[in-house]
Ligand code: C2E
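Only one chain is shown below, in structure tokens, and it's the form predicted alone.
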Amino acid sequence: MPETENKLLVVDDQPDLCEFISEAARAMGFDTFAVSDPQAFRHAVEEFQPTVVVLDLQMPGVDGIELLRYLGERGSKAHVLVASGMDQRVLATAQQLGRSQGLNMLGALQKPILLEDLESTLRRCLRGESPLTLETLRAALERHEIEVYYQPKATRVAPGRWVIEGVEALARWHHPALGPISPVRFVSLAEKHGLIRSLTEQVIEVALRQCCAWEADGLQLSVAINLSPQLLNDLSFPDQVARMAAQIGADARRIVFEVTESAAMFDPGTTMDVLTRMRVKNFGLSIDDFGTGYSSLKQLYLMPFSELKIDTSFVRDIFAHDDARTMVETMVLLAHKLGLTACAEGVETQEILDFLDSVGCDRAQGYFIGRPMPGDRLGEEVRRWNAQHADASRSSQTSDSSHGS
């Protein structure tokens, strides 16, 4: 791949966060470089010459304001994005200080950083993004270039114990010439030009075969697959999916289709027909991004969902805003009252997982549980997580018994 005009430098003392930002940026076409100390940062600014700088405000030995001053003194033309766990007032002030230094401030993101927020912010300063044409996408589908990655989902099997029993299938595309292409780009192109069914069917087929492979390896995992709103208007789709599962030998009860709240409400009559037939054929149904759309609660309770996914925007703010905490707790209760499983997205820390445990949330998904990965790597990660949590559970039980004796 030719050298890109997009170069991102991230400075943070948290290796996991550096990796997260770098991975997301590379998927968008950036060259990336990560450092954790001020000396390495100054050297990288000179040698790497970034077009985008992502910096933390709080690091041992130096703070982000000093680094902003350094960039200003060097006359840096890079876009600067501040990332911090500090409150919004501090972030706003930091941005103002950066502007006063003559810097091109891109904005500020509060930790834990959401992938969609990071991608949306970085996209604003992406230079010379490689053209993506309909012909390129059509050729990729014909060659089966679209890969499927899987993000683990943990289930609360007992108070304080979370076991990975499912995954979400996510489409990924690394073009041999254009490099990594964001799903935001190729999914929207597929929807615009009538290729979304072909794309979705390829993802479903790969995911069904992977589900069977895991089962043969002793892993019984459910697989969630996202459905485009366009497919909810296709009355033939339920039969097609059922045929695919039967031909591959996959258990329909292990497959869950995720539908966004807004998509479900676009054409409620046809959608209810399609979704009900999916349930009749034993597939699970999850309402995704709940709380962010403009839905009718009456329509929602009439539709045959089996799971309610609480949107990341609520989960990430549970320790910053009392209202967000109340909303998450209320949505868990609503799901249970409607006989649905509650799943929280955007779980990035142990503290968030502990809160979800305390309110009885059934499932959790996010980078703290696991990142998207190829199917052949997932088994090892699932076994490692589940073994650790089984050990933790046994240790807790042993401790409780010893206290009681």
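A residue's number is simply how far along the shown sequence it sits, counting from 1. In this text, all values refer to a predicted model and were calculated from it rather than measured experimentally. The term rigid core refers to the most C-alpha atoms you can superpose between the two forms while keeping them within 1.5 Å.
Not pictured, yet referred to below: the form predicted in complex with the named molecule.
Residues with any non-hydrogen atom within 4.5 angstroms of the named molecule in the predicted bound form fall in just one of 64-72, 27-35, 344-352, 46-54: 344-352. The contact with the named molecule in the predicted bound form, taken as any heavy atom within 4.5 Å, belongs to 289 out of 251, 289, 317, 215. Checking 187, 324, 334, 303 against the named molecule in the predicted bound form, a heavy atom within 4.5 Å turns up for just one residue: 187.
Heavy atoms of residue 171 reach within 4.5 Å of the named molecule in the predicted bound form, making it an interface residue. Heavy atoms of residue 228 reach within 4.5 Å of the named molecule in the predicted bound form, making it an interface residue.
Contact annotation for residue 307: none of its heavy atoms lies within 4.5 Å of the named molecule in the predicted bound form. In the predicted bound form, at least one heavy atom of residue 366 sits within 4.5 Å of the named molecule.
Every member of the trio 151, 183 and 258 reaches the named molecule in the predicted bound form with some non-hydrogen atom inside 4.5 Å. Along 8-44, no residue reaches a heavy atom to within 4.5 Å of the named molecule in the predicted bound form. Relative to the superposed core, residue 215 undergoes a Cα shift smaller than 2 Å between the shown form and the other one.
Here residue 117 counts as shifted, since its C-alpha moves by at least 2 Å between the shown form and the other one after the core is aligned. In comparison with the shown form, the Cα-Cα distance of residue 317 and residue 117 increases by at least 3 angstroms in the predicted bound form. If you compare C-alpha positions, residue 167 and residue 117 are 3 angstroms or more farther apart in the predicted bound form than in the form on display.
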